[in-house]
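First comes one chain, alone, set out as structure tokens in the form predicted on its own.
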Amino acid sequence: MVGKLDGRVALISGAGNGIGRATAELFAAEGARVAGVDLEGAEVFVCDVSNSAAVAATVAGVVGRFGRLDIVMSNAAFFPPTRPVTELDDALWERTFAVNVHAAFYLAKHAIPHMRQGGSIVLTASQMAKVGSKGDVAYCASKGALITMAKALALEVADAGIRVNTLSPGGTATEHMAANWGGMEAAEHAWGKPMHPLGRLGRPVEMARAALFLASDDSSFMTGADLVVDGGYTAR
């Protein structure tokens, strides 16, 4: 069986858990050699993706090890606590953008020179990029920035045959979601069913399948677009 990503090398940030881990496992199953990047060091490469020099060194390390780079998924994220904007610490605002926006910029900046024709960059945004959420101004703003960033990058690298898209998951049943709500059952009850017309949270593997679509030739005529996989959240 030939995998959809046979012979390709993928770099995925935030690969230690949740959507990133599910995507790394699926990409590997589809034939890719996967360089997982996580601050916690759970994968092959340890990197603080909010630091440009660290990202540059990591990208160089991946290319040195695997000989090429075809796919980049910027998936690392910071979720600041929900609170009114007047009570949001400047440090939390800055950390949100450092991890959610600056990291995506650094990955693109340092990876693009190494990428080949037919390469794909996927930035993990959120359904919260398209709607407001009381007390979540930093998170919403950071994810919205990624969608516009992807559009501009897509135009910039189109002549090089590199595609850039965003993936916007809805609420997903990850470790973070469970921790935030005091357990997955509570998360499903409080956030999944009430907010998603399909009546539940998404599963990490469902987001991974969407990422595979964006990374593979299945989406070969798609760039500068946002793929929303949110169980109907933004259709309300």
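Computed from a prediction, not measured in an experiment: that's the story for all the values here. Position 1 is the first residue in the sequence shown; the rest follow in order.
A second form of this protein, the form predicted together with a small molecule, is not displayed here; the remarks below concern that form.
The shortest heavy atom separation between D70 and the small molecule in the predicted bound form exceeds 4.5 Å. Contact between F105 and the small molecule in the predicted bound form is not found at the 4.5 Å heavy atom cutoff. Among residues of the shown chain, T166 is not one whose heavy atoms approach the small molecule to within 4.5 Å in the predicted bound form. V99 belongs to the set of residues with a heavy atom inside 4.5 Å of the small molecule in the predicted bound form. Stretch 73-81 is the contacting one of 114-122, 158-166, 73-81, 86-94, since its residues have non-hydrogen atoms within 4.5 Å of the small molecule in the predicted bound form. Remark: none of the three candidate residues (L26, E30 and G231) comes within 4.5 Å of the small molecule in the predicted bound form, counting heavy atoms only.
Proximity to the small molecule in the predicted bound form, defined as a heavy atom within 4.5 Å, singles out one entry of A54, M195, A210, M177, which is M177.
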